[in-house]
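Presented below, as structure tokens, is a lone chain in the form predicted alone.
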């Protein structure tokens, strides 16, 4: 079937649907919803049999939905209507939520139902739920709707006739609905409010006497700081986060956005103010805690070490790379046979921290210099992993990975990805960045001996996402494991433990060291790094500003002016509809 995805952006859900539909043999093209005339032109060019809208911020024009079947993916249960579906569900403490695929009509979210799916609603950030449960449910529901449409004998159910319609019409959630009363709201209430706004738009609040929006909250079990503190007081800082007292405890706040600025780690957004707070570092950082904010943690079991790093949105600043490298170097000295780099729940890594780099321009610094420092810190981390000689290393991707994060993962001996994870192992979308992290060494040696150059070029130039299954097929990863998060962790632990007790482990380590020695003798890692960084230096400091322009628009969430041509196949020269 010829399917057009009409979407506000190529977000995680749109990427997943694009990959899943393509994998089932459908002919798929994408158009960003920029204006009615642009969408109408895309429909005229592509002549789709079906239009799917996975992520829109406005209604599909009547000129399209009256002439074509248009399926809207709504992140709410059957009967739910309105633009703040997830926000109301999370803040209201719903136990179960869902996704509904409905046909576009004149009234928003009120068309006949083609498919739906439900899931238990975790106590988690909106962005996390969207990226995991919503994306999985939406994928299942859209695929079911497509099958029903293709069969030709299915009649969608009008909303008024749905016996299981539990939802209702609710308005856009405003900041007045999100207000935190720090004097009276308990920790659970504060977390719900911040979680319901995480990603976008954040909760309007005040820090250090300045208006801002806050994001990224975590509970704290121990009330740290001044014993005479009052609800609302800022108590201590740790790395990038600050602890704030609630009526019955405290929460860590990790990110903030000041007026006219963009989202940043809180201790960077309010650098001078946070510096005056006491530092509450974790001396025993390697012990994973359950009720505090901790971005790097370590645990051991059955001869396996597990290194966790929960970096917001998968972005890794210079300082975070340096701290993770120190943690990895420490873990390599532990008496374990296997080291598993677990990453975070939603992202493994997305490479350099573009927001922190952009912030350098606000503070009389140099984004080019910060880019250079950040990519070198990423390279140092990747080399630390590549040169692990005493253990078998595993990158266990429970969440998505992109750009340099993909190649940092590929620096491990094995890469295991959870089913449902999306990988974007390319850099060119960010202003034609060349990329580093030793990708010119790591990628070819993983793709087999035949046509390795063509395979490498295809991955780096196509700029298209890979599902976990497709990544295995291409040779980029080694295994696609269980899609359920808990089952994935269990499977990773079991597989790693099997390696740790394998009779052939000693021989595997010897072979690993010998191969690394042969590779180094043939061409040193330093040479790969020097060649990659020569390209990156031109990206950062050269006459072509494409990277800096792309980063600026990415960080500031600029509206798209056109759909990238590698996504809009109907706009290719020579396209024959």
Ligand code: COA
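Residue numbers count along the first chain shown, from 1. Computed from a prediction, not measured in an experiment: that's the story for all the values here.
Below, we refer to the form predicted together with coenzyme A (COA), which is not included among the displayed structures.
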May I ask you to state whether residue 348 is within 4.5 Å of coenzyme A (COA) in the predicted bound form, using heavy atom distances?
no
Any non-hydrogen atom of residue 199 within 4.5 angstroms of coenzyme A (COA) in the predicted bound form:
yes
Classify residue 430 as contacting or not contacting coenzyme A (COA) in the predicted bound form by the rule of any non-hydrogen atom within 4.5 angstroms, answering yes or no.
yes
Hey, in the predicted bound form, is residue 240 touching coenzyme A (COA), heavy atoms inside 4.5 Å?
no
Of the options 251, 499, 442, 315, which one has a non-hydrogen atom that comes within 4.5 Å of coenzyme A (COA) in the predicted bound form?
315
Proximity to coenzyme A (COA) in the predicted bound form, single hit among 404, 399, 265, 98 (heavy atom within 4.5 Å):
404
Among 305-313, 359-367, 89-97, 171-179, mark the stretch whose residues have heavy atoms within 4.5 Å of coenzyme A (COA) in the predicted bound form.
305-313
Within 175-197, which residues have a heavy atom closer than or equal to 4.5 Å from coenzyme A (COA) in the predicted bound form?
none
